[in-house]
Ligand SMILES: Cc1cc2nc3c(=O)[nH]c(=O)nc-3n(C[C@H](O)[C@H](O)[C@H](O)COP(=O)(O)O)c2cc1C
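One chain is shown next in structure tokens, namely the form predicted alone.
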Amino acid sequence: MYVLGINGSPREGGNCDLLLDRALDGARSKGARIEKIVLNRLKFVACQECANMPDDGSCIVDDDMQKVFEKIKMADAVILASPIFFGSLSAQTKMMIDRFQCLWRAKYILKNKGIEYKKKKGIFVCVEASNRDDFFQNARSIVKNLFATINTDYSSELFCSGVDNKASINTHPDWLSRAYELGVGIVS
């Protein structure tokens, strides 16, 4: 089984990154092949809503997102981690999601049946400094739309509030343990 982790945080070694690593460790413990993408390391632009986009769901912009599209297509499970910024996902995460506009259009507007991604499981891990449940709900709704577009069951989530300082998630072993168990569960 191939489990793809996507870190949408700009802060490597931060709370999302640590939780994602724990989830991937859990998946690896059950024999999964894992890979992690750090969006902030990639060179890609936001969706350009190209007038000449193809009807097959592919994106014509040639940048690092092409690798992300391929890895998500191949994955048996996806674990997406993002912090909350201004009540929603990080810019890096939202930029990646918006780049699936071509696929969304082909799937839902053009009703193109030949482009479906293989069925997979998905986990959403999210961290915020405040204690605003509505921020998590907003982020969840966007991730659920992405997962539906890429044929991914929204299997589980882990929302951690009141966590701000870099690596302060380490003072919450219960959440780190929960992330590990989610990784184990996505392989089962």
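Just so it is clear, the structure is predicted and the values come from calculations on it, not from any experiment. We number the residues from 1 along the sequence you see.
The same protein has a further form, the form predicted together with this ligand, not shown here; the description that follows concerns it.
Novice: Of the options 65, 127, 139, 146, which one has a non-hydrogen atom that comes within 4.5 Å of this ligand in the model of the complex?
Specialist: The residue in contact is 127.
Novice: Whether residue 39 contacts this ligand in the model of the complex should be assessed with a 4.5 Å heavy atom distance threshold; does it?
Specialist: The answer is no: residue 39 has no heavy atom within 4.5 Å of this ligand.
Novice: Heavy atom to heavy atom, is residue 84 within 4.5 Å of this ligand in the model of the complex?
Specialist: Contact with this ligand, yes.
Novice: Is there any non-hydrogen atom of residue 16 lying within 4.5 Å of this ligand in the model of the complex?
Specialist: Taking the distances in the model of the complex, the answer for residue 16 is yes, it comes within 4.5 Å of this ligand.
Novice: Give a yes/no on whether residue 163 approaches this ligand to within 4.5 Å in the model of the complex, heavy atoms considered.
Specialist: Although this ligand is absent here, residue 163 would touch it in the model of the complex, with heavy atoms inside 4.5 Å.
Novice: Specify the contacting stretch among 44-52, 129-137, 147-155, 31-39, defined as having any heavy atom within 4.5 Å of this ligand in the model of the complex.
Specialist: Every other range fails; the passing one is 129-137.
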